[in-house]
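First, one chain by itself in structure tokens, the form predicted on its own.
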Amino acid sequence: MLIRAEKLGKSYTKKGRSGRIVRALQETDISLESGKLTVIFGRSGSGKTTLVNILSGLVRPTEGSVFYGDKNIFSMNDGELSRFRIKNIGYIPQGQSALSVLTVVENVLLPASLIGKDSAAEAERLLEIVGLTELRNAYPNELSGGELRRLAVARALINKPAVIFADEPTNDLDDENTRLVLDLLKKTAAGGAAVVVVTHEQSAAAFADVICRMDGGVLTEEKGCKRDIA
């Protein structure tokens, strides 16, 4: 599936007396291809998280469109967009996102349960890959930060989505687990998914098919970064 973003922009009104308009994302075009791992490098506050949140349908842009194939996802209403996201998009957010009342395996299975999919075997496979099999019945408050990150990776992959967005997926991970997660995302792309990683982790470049950079809300080209729209 080809993902195309056309003339995306995002502005926020800053809270407080000034009510100043902050331009988080300058006008941006980008296309993302299935079967490739795209890495977007950028410092904190560069706009890279804003970009992936728009591309994944979590945040509506101030202007511009995002097409998945021939579908403009922002022409959908909220219910339609939520259903589309569950079926087609895997998202690994920054920070702790596991539900505290669910076990590790229940958290991993949550996206599948939302669409009535029996993915028990796939959950066990993913838990083994990310090294959480022995913690399958543990609760999030019993896990380290690195273990919570690996849980989020497994959960994002459970529905075998066509597109995966990962926002700093190797935060809190040691070198070994960083390589494990990036290798898993690389293999997922090789299997046909479009995978987008935003990070400041320079070692991610070795796994990338495409490299872009964000600075001050501006996307700049590097290795194969497609900012033109065919």
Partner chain sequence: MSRKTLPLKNLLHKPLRTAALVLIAAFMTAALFGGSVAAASLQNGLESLEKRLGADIIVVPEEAEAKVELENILLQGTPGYFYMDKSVQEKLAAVEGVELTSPQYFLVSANAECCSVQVQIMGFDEDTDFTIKPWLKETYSGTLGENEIIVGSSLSTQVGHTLKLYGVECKAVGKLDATGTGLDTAIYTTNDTVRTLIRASQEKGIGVLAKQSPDDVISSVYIKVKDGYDIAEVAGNINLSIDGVEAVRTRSMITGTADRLSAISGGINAARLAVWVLAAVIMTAAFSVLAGVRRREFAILRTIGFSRRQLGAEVLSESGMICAAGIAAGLLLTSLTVFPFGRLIEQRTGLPYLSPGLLSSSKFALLAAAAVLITGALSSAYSAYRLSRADTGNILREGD
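What you see is a predicted model; the values in this text were computed from it and never measured. Positions refer to the first chain, counted from 1.
What comes next is about the form predicted in complex with its partner chain, which does not appear here.
Exercise. Just one of 57-65, 189-197, 173-181, 30-38 has residues with a heavy atom within 4.5 Å of its partner chain in the model of the complex, so point it out.
Key: Within 4.5 Å of the partner lies stretch 57-65.
Practice problem: Tell me whether Ile129, Ser144 and Gly146, taken together, all sit within 4.5 Å of its partner chain in the model of the complex, counting heavy atoms only. | Solution: Judged in the model of the complex, none of Ile129, Ser144 and Gly146 sits within 4.5 Å of its partner chain.
Quiz item: Ala123 near its partner chain in the model of the complex, any heavy atom under 4.5 Å?
Solution: Although its partner chain is absent here, Ala123 would stay clear of it in the model of the complex, with no heavy atoms inside 4.5 Å.
Quiz item: Is Leu102 a contact residue for its partner chain in the model of the complex, using a 4.5 Å heavy atom cut-off?
Solution: Yes, Leu102 lies within 4.5 Å of its partner chain in the model of the complex.
Quiz item: Should Ile86 be classed as touching its partner chain in the model of the complex when contacts are defined as heavy atoms within 4.5 Å?
Solution: So Ile86 counts as contacting its partner chain.
Self-check item: Touches its partner chain in the model of the complex: Ala138 (any heavy atom, 4.5 Å)
Solution: Contact check for Ala138: no, nothing within 4.5 Å of its partner chain in the model of the complex.
Quiz item: Can you name the residues of 89-103 that have a heavy atom within 4.5 Å of its partner chain in the model of the complex?
Solution: Tyr91, Pro93, Gln94, Gly95, Gln96, Ser97, Leu99, Ser100, Val101, Leu102 sit within 4.5 Å of the partner.
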